[in-house]
Ligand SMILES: NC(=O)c1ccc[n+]([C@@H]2O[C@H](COP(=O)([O-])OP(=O)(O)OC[C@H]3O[C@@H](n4cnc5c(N)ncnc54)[C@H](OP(=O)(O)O)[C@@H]3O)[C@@H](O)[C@H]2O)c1
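Take a look at this one chain, the form predicted on its own, written out in C-alpha cells.
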Amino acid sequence: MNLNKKNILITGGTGSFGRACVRHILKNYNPNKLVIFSRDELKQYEMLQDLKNINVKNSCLRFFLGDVRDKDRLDLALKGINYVIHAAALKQVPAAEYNPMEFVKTNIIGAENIIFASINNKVERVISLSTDKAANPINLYGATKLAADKLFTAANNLSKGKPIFSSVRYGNVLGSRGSVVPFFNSYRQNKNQKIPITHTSMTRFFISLEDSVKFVLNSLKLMKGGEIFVPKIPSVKIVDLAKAIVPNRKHKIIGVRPGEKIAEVLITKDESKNTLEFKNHYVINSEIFGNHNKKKYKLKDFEYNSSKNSHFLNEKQIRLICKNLKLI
C-alpha cells in the first residue's frame, strides 16, 4: 500500500510498536500527515527528540495528546484521517487481573470509541493490533482484546464499507517494553543470581518489532473488512530464551503468574473452519459475513499453538537474532 500523501493516525504511537511504525513510514513513504495519538506528553517529547537524532524527515509529524477513553478527543483527532492503526492498549497480564475495569475502559470502551470516531470522520481503513492472548482467553487482558476483536469485526456492519475494520493477531514482540527479553537481560551483570523461570514447559510465539510493523502495514493493504490476520512466526521455549540471553546460569522455578498460560494459541480449532492459509500468513474470516467461498477453507480442526508449532528457534538461533537486533 502506498502511504504517500495520506493522513495516518497511530493510537498508542509512543509505544514500542508505534515508534517502530513511525520510523518505518518516515523512511519508506512520504505521508501528508502522520499523527501520534497518546496520553503521555513526556514520551511524545522524547520520541520527537529521538527522531531528530536519527535525522529523519519529520515535517509531517503531529503529536496529539489524548486518551482512547475520551470519545470527543478521538473525534477531533480523526478529522481528515485516511488510515488508523490502533495500537493503544493496556497489556500487562498480572496488572489486568488486579485492575480489571481499567483494562475494560481502555481495551474495550477505547476500541468502541475508535470505531465510532472513525465512522463519524469517514476514515477509509482502520486496523487494530490484537494478541495471541485473545484466542481462548483465560486472563482478563486476553478477554478484553477478544471483545475488541469482535467489536472491530462487527463494526463493518455499522460502517457499510467506509471505513472498513480488521485486526492483526500475533505473539510476543522481541525486545518490546514489558517483554521477557529486557527482564532476562537485567540478570546478565549479577552472576550470582539465578534466573527466574515460570515453568519449564512454557512456550511463546515471537516476532521482531520490524517484522510486526511490516505485517501490520501489509495487512492494512490486503484487508477487505472483518478479517483477523495472523503471521506465520516461530516459537521459543522460555528456558531456551533464558539460556540464550544469560548462558551458563542456574535457573529457579517461580511458578506461573496469575492469568498466564503455559502455551499460547494464535488460531483456535473453532476458528480453523473459517481460516485461509497463505505462504506467510493466515486469514481468519468472519462468520457473520457470508461473502467467502467455504470450499477454500481446508484447515478443519487445525490449531496454531506455540507448543505444537513446526518452527522452533533453538538456543543458538535465539542468541543470534537477539544480537542482530542489539537486544543483548
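Since this is a predicted model, take the numbers as computed values, not measurements. Numbering starts at 1 and follows the sequence shown.
Keep in mind that the form predicted together with this ligand is missing from the display, and what follows is about it.
- Stretch 33-41 is the contacting one of 297-305, 267-275, 280-288, 33-41, since its residues have non-hydrogen atoms within 4.5 Å of this ligand in the predicted bound form.
- This ligand is not drawn, but in the predicted bound form it has a heavy atom within 4.5 Å of Ser16.
- Although the partner is absent from this view, Ile115 stays clear of this ligand in the predicted bound form, with no non-hydrogen atom inside 4.5 angstroms.
- At a distance threshold of 4.5 angstroms between non-hydrogen atoms, Tyr141 is in contact with this ligand in the predicted bound form.
- Contact check for Ser166: no non-hydrogen atom falls within 4.5 Å of this ligand in the predicted bound form.
- For the candidate spot formed by Asn7, Gly80 and Asn157, no residue has a non-hydrogen atom within 4.5 angstroms of this ligand in the predicted bound form.
- Only one of Val93, Leu217, Ala87, Ile245 lies close to this ligand in the predicted bound form, with a heavy atom inside 4.5 Å, and it is Ala87.
- A single residue from the set Thr153, Thr203, Thr106, Ser208 has any heavy atom within 4.5 angstroms of this ligand in the predicted bound form; that residue is Thr106.
- Residues Leu129, Ser130, Thr131 of 113-138 are found to place at least one heavy atom within 4.5 Å of this ligand in the predicted bound form.
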